[in-house]
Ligand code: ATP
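One chain follows as structure tokens, the form predicted alone.
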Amino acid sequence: MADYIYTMEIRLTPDQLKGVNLVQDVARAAGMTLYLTGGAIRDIISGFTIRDLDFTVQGNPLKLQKELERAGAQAVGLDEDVRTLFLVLPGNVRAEIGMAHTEHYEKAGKPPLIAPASIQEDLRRRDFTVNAMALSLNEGSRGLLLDPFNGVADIEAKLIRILHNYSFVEDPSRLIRATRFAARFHWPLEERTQQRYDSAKENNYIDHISRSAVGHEIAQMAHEDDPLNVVRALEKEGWLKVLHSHWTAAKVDTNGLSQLMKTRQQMVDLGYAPDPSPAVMYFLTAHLPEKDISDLRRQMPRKDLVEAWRDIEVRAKELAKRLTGKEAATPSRTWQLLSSARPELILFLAVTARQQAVALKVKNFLTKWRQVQQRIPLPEMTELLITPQLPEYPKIARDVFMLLLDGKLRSHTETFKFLKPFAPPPPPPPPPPKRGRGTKSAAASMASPSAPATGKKTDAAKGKGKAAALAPTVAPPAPVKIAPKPGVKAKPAKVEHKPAKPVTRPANKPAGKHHARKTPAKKGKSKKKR
């Protein structure tokens, strides 16, 4: 359970993860059961690019629209028939929230009968096993993966498999989708799926495709990593004419499309996240007449993509005009202008710019000036204690970069001279160590002799009083305490007991162990000895 949540968190971009949390909080506040479903789960597990987020709720998602907009999401379309809400979450994350439902087809080509259902029934009506999975985002079951048709196994086997034999009959748009997935993932159709595919194609079930399904498939082509390969695969199967009768691979600007995808990858490597879908649609339909392009736009369900596609050429021309004016008179001003522009416009302008000055500035922004950024004098800044810990550090580093771009800092001396006023003052010296009470008392005890414990002077002290007064006072050395080694118990110190009076014994009797008692001497003999 926790493994799939961990996989989701490391595979989603930070903006996508924030979007998941936003929708989760809104659905939980409304008391709705929420699941991450479809292509998002497939791409999380397979490792492919996660293009958008698909959510499914057990309830009516249209009731969540106001709360989602208050939380920062933008509603860009809806499908009232299947109760699906199309959103752009903060960070330009595409998402849609659909109602868990069943679909009953009375006849091929006719719209299905929709009815609310549980998440398990909703998974049964889907197209392929790899899309029929759901990840619970609900309290108590968060991270539980629902995979009733063993889609994880087909992802590992790299196979595209339909759920039941009538899949292509009920929804002919699945023929286009199967071809698109096979071209994107380079996965073959499972054997039984291939047979049903060939049968449906032979019987012209594609003639019963709905207009809304066509619009959905057109929009999906804008988000492919290799759209040219998908276009060729669809044309080979005859599905490109189903999307539009005049659309062929020859109508595609193949050179511009290839250059667009290379530049996009270059910008991704630099840390940008441009949305290439409007530019992709521009190049896919580059040689179609305006009337045919308008027909394609009318069929697409996401109006935000339609508007971005329609306006991208005009907005790019406006940016090009600003790049040729005073606003971009110097490299530093050009850098500031392009840094504040939308990445999608920079991407499009890098491929379509006709003016040499504009093309050169965009190219320098993506290549040459990045190398100048690496020349920021970090050793000199460190030497002057100008480190990231300083609040002014970002501004100082930016100013140095701008001066380097304009060629105003050309040597080490000039750079050091510019940075020196920003250097913080050196830290104050540490205060001198303070002497505590213990030190003073020890010094006082060493300077004066210790007094007797009882306060009474002995005879020896009285006799030696005058000599002691005349002799210089020398304090006895302080006893040295040796700390015991760790793990070893200290032995108690031996105390020597001196007898108060010396013991006398006869000279003719040596001391020994067995002389416990002393023999008293005779009085006469003792007098003679004296």
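The structure presented is a predicted model; accordingly, all values stated were derived computationally and were not measured. From 1 onward, residues are counted along the sequence shown.
Unshown form predicted in complex with this ligand; subsequent notes refer to it.
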{"property": "Candidate stretches 193-201, 137-145, 171-179, 293-301, one within 4.5 Å of this ligand in the model of the complex by heavy atom", "result": "171-179"}
{"property": "Non-hydrogen atom contact N131 with this ligand in the model of the complex at 4.5 angstroms", "result": "yes"}
{"property": "is_contact(G59, this ligand) in the model of the complex, heavy atom dist at most 4.5 Å", "result": "no"}
{"property": "Distance check, R161 to this ligand in the model of the complex, heavy atom within 4.5 Å", "result": "no"}
{"property": "Contact label in the model of the complex: T352 to this ligand, heavy atom within 4.5 Å", "result": "no"}
{"property": "Listed residue that, although this ligand is not shown, lies within 4.5 Å of it in the model of the complex (heavy atoms), from H216, K251, H208, R342", "result": "H216"}
{"property": "The unique member of S212, T334, Q220, N364 whose heavy atoms fall within 4.5 Å of this ligand in the model of the complex", "result": "Q220"}
{"property": "Heavy atom within 4.5 Å of this ligand in the model of the complex - qualifying residues of 117-145", "result": "R125, R126, D127, N131"}
